[in-house]
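To begin, one chain is listed below as structure tokens, in the form predicted alone.
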Amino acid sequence: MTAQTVQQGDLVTVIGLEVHVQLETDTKIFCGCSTERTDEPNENVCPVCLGLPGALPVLNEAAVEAAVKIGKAIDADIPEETRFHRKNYYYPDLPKNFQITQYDEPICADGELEISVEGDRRTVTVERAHLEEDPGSLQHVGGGGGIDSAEYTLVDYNRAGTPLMEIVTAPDFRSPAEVRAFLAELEEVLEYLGVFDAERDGSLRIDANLSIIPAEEIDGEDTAEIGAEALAAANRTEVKNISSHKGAQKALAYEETRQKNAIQRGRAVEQETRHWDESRGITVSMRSKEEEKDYRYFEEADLPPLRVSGWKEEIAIPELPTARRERFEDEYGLSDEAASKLTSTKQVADFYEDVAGEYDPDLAATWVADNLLGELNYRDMEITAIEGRLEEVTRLVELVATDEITAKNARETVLRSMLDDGRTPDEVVAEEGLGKTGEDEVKRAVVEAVEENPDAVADYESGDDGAINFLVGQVMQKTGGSADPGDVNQLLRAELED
């Protein structure tokens, strides 16, 4: 991370993450139950994922392949052999009273991910990433509806056994904004790999450990190099129930402020686990913070060691967001901002390349990055919502590129009608009469506008260049908005200068 100088008396925020990623597989990690979402509780369950006596786990090959892809993407070490362990604790959503996970021999270790925060590129260390099974889900009912205020809680084991990849970072973050940037970059990478579906509810869940350390306890002046002794001495809170980039920033900003206020008032910060209550925008205490020894890890006797030697070399990964962003800048001459927008998801990047292959890359960038994504964002839609209609969007770009309609009409009428009414570009153009006005008709409208507005002409001739905008508006009205404003501007100036 980039060095940050601190002054005596400063309080430094230190954050590390445990990111739980649901892997996109057809079946659960240790049994053949479906991972498809269902509204019927406890439907996709079997003796294995319910932890019934005598039921034995069998490892899902697709989950291992997804884990290897993630390891390669973050440039992690992938050992020749790895093992599973039992993490022992009691909670209602854990039917076996232990979780099959990985402990001291994870499938991925010592990786890294580069992020950008306000234009500053930084590298975050990923200490480990390991496979494990997801617990079930709890539904808090009645009362205040929260974990600390419900009348009772229901348990649904449909999610139990869904394959998870837990990605654990070093305590490299110094602000909630950096955490949000990391999560956004990580999600992009996972989507490019095809191992993750961001639209699945609960597919990304974050536990964040946050400590506040007085600057005088840090060796040196670089906040990126906080020693192990200072970290061990600081009490930290683990914040759970975070499920989005925005939620992570909000939760950690609240917790950061809460801890700093306590320290400044001379109160101790308790080492505990806290629950992020998104509806109230606060964290609430759940329990004292467990330590590693509390989980009594021991090797899972029902699963043999996992060996991926040889096989891992055959698992390929696609071009990742950072590499594609850089290629778009070099190959298409795009700015960093445009390239970042166009690689925000694999679907957007693929679509842009399809359009750029047919038309001018700059025109394609404007239409995909600004017009299309802008209109989709306004409607709170993802590009996947129009996945089957991308040929129609390409046709719209063609109408503009071949000068058949104006860019203004294409953006403000055709594109919006396509998204709101489901019509095709050609249907909108025909029904709204948006075909571009011929040059002779535009010239006639220019002459009429000049003749009908002598005051604006006089203003222009006296040096008021803004008067031309009024005249352009008059011509656009006469042509029903189907003339190109740039062409109208040039024709008006030519007419006025004769």
Partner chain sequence: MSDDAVSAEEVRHVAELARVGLTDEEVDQFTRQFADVLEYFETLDEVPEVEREADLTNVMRPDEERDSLDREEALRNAPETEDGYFKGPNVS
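If you're wondering where the values come from, they're calculated on a predicted model, not measured in any experiment. Residue numbers count along the first chain shown, from 1. Just so we're on the same page, rigid core means the largest C-alpha set that superposes within 1.5 Å between forms.
Another form, the form predicted in complex with the partner chain, is not on view; read the next lines as being about it.
**Student:** Is residue 41 close to the partner chain in the predicted complex, meaning a heavy atom pair under 4.5 Å apart or at it?
**Tutor:** Contact check for residue 41: yes, within 4.5 Å of the partner chain in the predicted complex.
**Student:** Determine whether any heavy atom of residue 25 comes within 4.5 Å of a heavy atom of the partner chain in the predicted complex, and answer yes or no.
**Tutor:** Close contact exists here: in the predicted complex, residue 25 approaches the partner chain to within 4.5 Å, heavy atoms only.
**Student:** Taking the partner chain as it sits in the predicted complex, is residue 139 in contact with it (heavy atom to heavy atom, 4.5 Å or less)?
**Tutor:** Yes, contact at 4.5 Å.
**Student:** If we define contact as a non-hydrogen atom of the residue within 4.5 angstroms of the partner, is residue 156 a contact of the partner chain in the predicted complex?
**Tutor:** Yes, residue 156 lies within 4.5 Å of the partner chain in the predicted complex.
**Student:** Looking at 379, 121, 246, 296, which has any heavy atom no more than 4.5 Å from the partner chain in the predicted complex?
**Tutor:** It is 296.
**Student:** Let me know the one among 144, 304, 202, 357 whose heavy atoms come within 4.5 Å of the partner chain in the predicted complex, would you?
**Tutor:** By the 4.5 Å criterion, the partner-contacting residue is 304.
**Student:** Looking at 423-431, 254-262, 146-154, 182-190, which stretch has residues with any non-hydrogen atom within 4.5 Å of the partner chain in the predicted complex?
**Tutor:** One stretch meets the cut-off, namely 146-154.
**Student:** Does any residue in 10-37 get within 4.5 Å of the partner chain in the predicted complex, counting heavy atoms only, and if so which ones?
**Tutor:** Residues within 4.5 Å: 25, 26, 27, 28, 29, 30, 31, 32, 33, 34.
**Student:** Do you see a C-alpha shift of 2 Å or more at residue 154 between the shown form and the other one, with the core held fixed?
**Tutor:** It does shift by 2 Å or more.
**Student:** Core-aligned, does residue 402 move its Cα 2 Å or more between the shown form and the other one?
**Tutor:** Comparing the forms between the shown form and the other one, which are aligned on their rigid core, residue 402 does not shift its C-alpha by 2 Å or more.
**Student:** Classify residue 123 as shifted (yes) or not shifted (no) between the shown form and the other one, where shifted means its C-alpha moves by 2 Å or more with the rigid core superposed.
**Tutor:** No: residue 123 shifts by under 2 Å between the shown form and the other one.
**Student:** Relative to what we see here, could you say if residue 153 and residue 281 have their Cα atoms closer or farther apart in the predicted complex, with a change of 3 Å or more?
**Tutor:** Farther, not closer.
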